[in-house]
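Below you will find one chain, with nothing else, as structure tokens; this is the form predicted on its own, and questions on how it binds or moves follow later.
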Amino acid sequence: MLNRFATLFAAALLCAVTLFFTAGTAAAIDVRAAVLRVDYQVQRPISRFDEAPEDLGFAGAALADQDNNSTGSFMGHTYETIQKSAAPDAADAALDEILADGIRLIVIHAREEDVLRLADRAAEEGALVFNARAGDMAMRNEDCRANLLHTATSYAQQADAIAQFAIWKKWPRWVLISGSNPADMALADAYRRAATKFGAQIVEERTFEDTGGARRTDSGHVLVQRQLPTFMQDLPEHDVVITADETDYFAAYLTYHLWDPRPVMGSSGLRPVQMHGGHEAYGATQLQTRFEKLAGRYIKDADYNVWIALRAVGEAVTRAQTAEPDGVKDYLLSDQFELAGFKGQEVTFRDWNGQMRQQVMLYDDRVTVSVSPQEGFLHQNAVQDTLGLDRPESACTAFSN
């Protein structure tokens, strides 16, 4: 243990010395970026614990600016990220304001259709965009954009992370319960793909219809306690229940309301996340404490996605000595880029579709139960490419030019 700490200390000292001597020859660079968050009218979440904070995503940007300026001070680099939120019908105008201000490095927290439209508009001005929310597969596949990178995990990465754990646990027989909304169905498709990919069997599928009623009423838990077990009756023999409920309509109620007692994974029970406030391994405690001091709350996926996008920009500026969008993109897609993500292995970007490679945490609302990729799932190039679309599966051609 002492030898390991000595090695880490020596590496950190070497990095600091390198930065110190490099600073004398590095050009001053002022890096301006923006975070655009599109706020949608949605029903309140099932649990009040899941209410979105007002600074969702923006707190991650503030922490990234602190981190980047800490390193940048050695190099003569400064970092400033502006924050804008807008309703869907005002998002285009908000982006135009960002572009008019000369900013060409933009993180967007929005749904797929808005991200793609805004990325196309940004491309007209030569801007590089990071997707910090949408998990849809098409935007990483046939609808990919050359100026769009993804720090949000795809539905396929999330589903593959759950599938690997289920197979590692020798739970190959699944019941798949999905919602009836388009996002739920897209997530369910990812679980079907994951089952085929890793050798699981979906023994039955059922759809929980979204009738549009209120999800939080005084008698809600009473009705759920009576209705859900009946909904889950007469299933074939199975090992685990997989839930695909991207719109947060039913899955949170499912865990203790099954007819047959089984583990629940997916949108409730054991969930695939990118970061959570209880995670302390791989040096994450210092990330958590700094974020909590800044924001006064625990970190959420949106904060992490924005933070790591802007930290990636900072790393590219430091190493490649440029804040131009093309230069930043080229460095991020190169073999030279890697960044600590506090999840056990450095993150990188896939050069065929712009998706960030990263571990996926499996979280039970208290602790990190496991981290995927799981032991024994191997890949000829990068073990993280066992999650999501691998190069041979990708129909993205925008990055091949």
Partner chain sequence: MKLKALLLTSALALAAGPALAGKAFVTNERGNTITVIDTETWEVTDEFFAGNRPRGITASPDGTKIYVCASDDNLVRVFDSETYEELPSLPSGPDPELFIIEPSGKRLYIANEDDNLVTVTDTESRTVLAEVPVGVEPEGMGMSPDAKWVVNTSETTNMAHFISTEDYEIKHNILVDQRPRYAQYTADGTRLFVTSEIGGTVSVMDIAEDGTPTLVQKITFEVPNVQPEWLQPVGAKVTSDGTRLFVALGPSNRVAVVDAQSLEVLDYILVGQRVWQLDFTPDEKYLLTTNGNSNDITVIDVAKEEAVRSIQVGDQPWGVVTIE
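All values derive from a computational prediction rather than experimental measurement. Positions refer to the first chain, counted from 1.
Keep in mind that the form predicted in complex with its partner chain is not shown, yet the notes after this line are about it.
Screening 47-55, 30-38, 341-349, 360-368 for residues having heavy atoms within 4.5 Å of its partner chain in the predicted complex returns a single hit, 341-349. Contact with its partner chain in the predicted complex, defined as a heavy atom within 4.5 Å, holds for exactly one of Ser85, Ser268, Thr71, Asn141, namely Thr71. Between the options Tyr282, Phe231, Tyr256, Trp168, the residue in contact with its partner chain in the predicted complex by a heavy atom within 4.5 angstroms is Tyr282. Remark: none of the three candidate residues (Arg117, Arg121 and Arg206) comes within 4.5 Å of its partner chain in the predicted complex, counting heavy atoms only. Looking at Asn147, you'd find every heavy atom of it more than 4.5 angstroms from its partner chain in the predicted complex. Shown alone here, Ala186 lies farther than 4.5 Å from its partner chain in the predicted complex, counting heavy atoms only. Contact check for Lys293: a heavy atom falls within 4.5 Å of its partner chain in the predicted complex. In the predicted complex, its partner chain sits within 4.5 Å of a heavy atom belonging to Thr318.
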